[in-house]
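As structure tokens, one chain now follows by itself in the form predicted on its own.
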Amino acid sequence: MSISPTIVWFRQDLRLDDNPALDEAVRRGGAVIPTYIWAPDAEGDWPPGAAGRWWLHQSLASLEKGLRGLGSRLVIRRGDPLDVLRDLVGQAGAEAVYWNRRYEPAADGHDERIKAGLSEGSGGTALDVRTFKSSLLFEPDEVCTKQWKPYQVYTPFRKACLALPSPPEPIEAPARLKRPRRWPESLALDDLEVEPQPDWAAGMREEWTPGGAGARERLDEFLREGVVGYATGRDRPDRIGTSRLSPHLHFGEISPRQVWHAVKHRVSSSRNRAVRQGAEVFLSQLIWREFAHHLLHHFPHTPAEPLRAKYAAFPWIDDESGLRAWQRGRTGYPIVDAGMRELWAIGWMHNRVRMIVASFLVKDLLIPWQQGVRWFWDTLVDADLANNTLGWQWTAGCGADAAPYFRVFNPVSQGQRFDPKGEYVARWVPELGKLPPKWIHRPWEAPPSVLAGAGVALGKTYPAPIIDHDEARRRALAALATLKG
């Protein structure tokens, strides 16, 4: 008696190796029908942004190529996932539907509805519907305090994670996938129309290689070169000191446990103290990612509302011109403008600079952090609801383990400290590129002769600061003081 097909529903797990749902489908036997469903309406208030949609197209193309190498293909559909999966079950005669879990509020709710709906609509057939852990090292409910409550401070969360059994070793990709006798109907990838029209993605294409091969290449490069100096180099935007794995992790082109074990193996094979230090800090960053998902799962309102309820009364300012200057990289503060222009050009920004530009928006300009969340969501290729939410609430001081209310990043001193030669600014704000390092982070203080020699005319070739930072800091502290108690 032949075994009926299994539908494997791909979502944010666009890879063939270390994919538990795919692995279990192969173990079950029978044909495997890899499926992707474009369903932005199912994402609630957070359908993929423009930069994320560009990445998604490339990643799906890479996945489809990989599947063809296994003798298979990707079935692409659009519509309500429950309706699509029911239709596929009927067309293919499938008796199993597997997928890997997601943890965002909208996805989590839909998963339960889809599980129930598939069982109800199976027409008497015992449909095998199962989900698997794939995108996290530890599921949100696996880590809790002694009082069975979610953590809201990172350090004890990290210790609790490290006290748990080590994540399992990654699963190898299948060597071959059994094809069904007849493939269900499928759209072409281009039919989804997720790539930008007109095409503005040239900078992203030049910078990134979406897909599993690109993810492995990034990881290998980081293990060879980046991990050695990661403990200190990760804060330097003028250097390639970070892994840049964030978009690959978000789309599931590589799994966190693949990264975890690769870094662990790098440590075990090295006697270099700098490698060990870098690896320890990097693995802590992976656990920070876990912390972000832990918080979003337990506090699903936080993408739009502060975790600390008193911050809902913060006296924000409606400043459209300030918001527009920030978005365009025209604030007059070079490190802020460099970051925002990097974001616009390649869909990514260095993490240290993310903190600087976020602090400038919410504390210098007093513009609501939700405005920053939305802009990052649309422009980042690694736009991840959990990470984005945690980062902005941390900066605004209204979330878990947040920055102290009095922490207002000084964009000048931050630039001088983390971009001491001005190389990062010179790359992304080329009109300041001829200024000496002494003045590149504060061109408004440079002598007229220095400005003239560098071809800088404040207010013409480069804007004067849109706000005085010292005054802005005093204003922010006064506003924050209204929430004390």
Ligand SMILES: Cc1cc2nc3c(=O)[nH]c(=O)nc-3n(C[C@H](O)[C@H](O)[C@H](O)COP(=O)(O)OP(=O)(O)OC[C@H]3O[C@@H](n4cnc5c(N)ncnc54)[C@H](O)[C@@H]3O)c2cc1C
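Just so you know, these numbers come straight off a predicted model, no measurement behind them. Throughout, we count residues from 1 along the sequence that is shown.
Not pictured, yet referred to below: the form predicted together with the ligand.
> Which one, 140-148, 294-302, 348-356, 170-178, holds residues whose non-hydrogen atoms are within 4.5 Å of the ligand in the model of the complex?
Heavy atoms within 4.5 Å of the ligand in the model of the complex occur in 348-356.
> Among S270, Q285, S413, S166, which has any heavy atom within 4.5 Å of the ligand in the model of the complex?
Only one listed residue qualifies here, and that residue is Q285.
> Would you kindly say which of C398, V89, L380, L136 lies with a heavy atom within 4.5 Å of the ligand in the model of the complex?
By the 4.5 Å criterion, the partner-contacting residue is L380.
> Can we say F10, P81 and R113 each have a non-hydrogen atom within 4.5 Å of the ligand in the model of the complex?
Not a single residue of the candidate spot has a heavy atom within 4.5 Å of the ligand in the model of the complex.
> In the model of the complex, does E342 have a heavy atom within 4.5 Å of the ligand?
Close contact is absent here: in the model of the complex, E342 is far from the ligand, nothing within 4.5 Å, heavy atoms only.
> Answer yes if any heavy atom of D384 is within 4.5 Å of a heavy atom of the ligand in the model of the complex; otherwise answer no.
Yes, D384 lies within 4.5 Å of the ligand in the model of the complex.
> How about R236 - does it come within 4.5 Å of the ligand in the model of the complex, if we only consider non-hydrogen atoms?
Heavy-atom contact with the ligand at 4.5 Å: absent for R236.
> Give a yes/no on whether L366 approaches the ligand to within 4.5 Å in the model of the complex, heavy atoms considered.
Contact with the ligand, no.
> Pick out the residues of 208-247 whose heavy atoms come within 4.5 Å of the ligand in the model of the complex.
Y230, T242, S243, R244, L245, S246, in sequence order.
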